[in-house]
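Following this are structure 1 and structure 2, which are two forms of one protein chain, each written alone as structure tokens.
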Structure 1
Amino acid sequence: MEKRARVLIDCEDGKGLVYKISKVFYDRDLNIDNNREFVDKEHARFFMRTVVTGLFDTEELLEALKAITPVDAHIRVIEPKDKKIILMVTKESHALGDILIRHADAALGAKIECVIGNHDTLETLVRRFDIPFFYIPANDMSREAHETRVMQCINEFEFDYIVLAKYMRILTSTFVKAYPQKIINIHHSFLPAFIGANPYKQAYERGVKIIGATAHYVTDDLDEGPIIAQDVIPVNHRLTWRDMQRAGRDGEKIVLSRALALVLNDRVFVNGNKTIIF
């Protein structure tokens, strides 16, 4: 039976790579439905995303590609299917609500395994969508002890990504290292200029002319991981800080949704502290 696969290749650059890889597909009578490639010349790094269809054995195709690419090649042959995600939340509902609605409309491209909250504020909302909600309070607990409980819950599930849908706690290095390139965060784009509980009020008082949002992978460097998606919204003197906050929250949920679509469709390569988006 004919199959479809996304082939992702990341390796040291070299002459003839596109030809060699394409020949592997040609020799197996596979059709290339879509292809994109990029060379990071500064670091001599080659990236390629190809969608193929035809009759093939996934393991045999993977071995054939390994045989003609550099020894450091990272190759994935992915047969498209809905991925699985876990959401982490605190009290704000805008990012979570948008994801829940997309999930209910079968427009997310992923199955939500569960939602974990350090407050129970959003439990009623989540349960309306028949999705498990786990309330794991952090009161009177060290950050490490709380994260141990959260990780115990997470590890009960098979998942591809953890999405911080306005989860307002800083994660420890131990937590981040347990799930490398699997945690995605969304935040306003004022950092590091306006830090604290009310950045929109600070921005209003400074008279900023644009606000925005950034979605990125989580690393040990707080809010400085590889960026997946961003957007900006023009603002002016007519807006109060609460108007700006509402506009900013709309931007956050849109940017997070855009980032998830890219990641869930295997369009993102991490290249150091940057991303290659196909």
Structure 2
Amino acid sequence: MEKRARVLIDCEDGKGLVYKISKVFYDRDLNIDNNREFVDKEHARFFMRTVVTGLFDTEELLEALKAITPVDAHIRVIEPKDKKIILMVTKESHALGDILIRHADAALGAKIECVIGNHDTLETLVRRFDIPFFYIPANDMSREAHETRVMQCINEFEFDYIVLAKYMRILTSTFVKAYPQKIINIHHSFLPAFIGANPYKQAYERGVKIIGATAHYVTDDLDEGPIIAQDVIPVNHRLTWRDMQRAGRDGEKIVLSRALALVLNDRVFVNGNKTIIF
């Protein structure tokens, strides 16, 4: 039966890669629906994302691609199915709400397995959508003890990504390393400006004329992970920092949802501390 798959290849660059890879597809009589490549010349690294349709055996296709690419090649043949995600939140509803509405409309491209909150503020909203909400407070507890409880909860589920939809606690190295390239965060500034706490207040005090939002993979370095998407909105002297915070929320939620759509569609390669977006 005719199938469809996203083929993602990431390997050392070399002459003839496009030819050799497209030959694998051609020999199996596959259609190329969509094809994008990029060579990072600085690091001599080749990236390719191809959507193929036709009759193929996924394992056989994967083996054939491995045979003609460098040994370091990272190859994925992904048959489209809804991914699974876990959301982590604190008190603000805008980013969570935007994802819930898309989810309810089957427009998210992922199933929300559960929402974890370090406050119970958003429990009512989540339950309106018949999605499990786990309230795991951090009071009177070490950061490590709290994260252990969160990880116990997370590990009950199968999931592809953890989405921090305005989760306002800093994660430890242990947590981050447990889920490499699987945690996506929205930071409420135009990174790398205004790293850290209360970026809107920092922006207000600096007197900038534009504020922004940044969705990124979470790595061990706070607010330093590979950036997936950014956007900005103009501000002026009439806005207090609270006004900026309010105005910035639309940007935050849209950037997070945009990044999530890219990730869920397997359009993002992580390349060192950067991303390649196809």
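If you superpose the two forms and keep the largest set of C-alpha atoms that fall within 1.5 Å, you have the rigid core. Values in this document were obtained by computation on a predicted structure and should not be read as measured data. Structure 1's sequence is the ruler for residue numbers, which start at 1.
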Margin query: Two copies of the same chain, shown separately. Which of them is the form predicted together with a further copy of the same chain?
Written below: 2
Margin query: Core superposed first: is there a CA shift of 2 Å or greater at residue 58 between the two structures?
Written below: no
Check: 2 Å or more on the CA of residue 241 between the two structures, with the rigid core superposed, yes or no?
Finding: yes
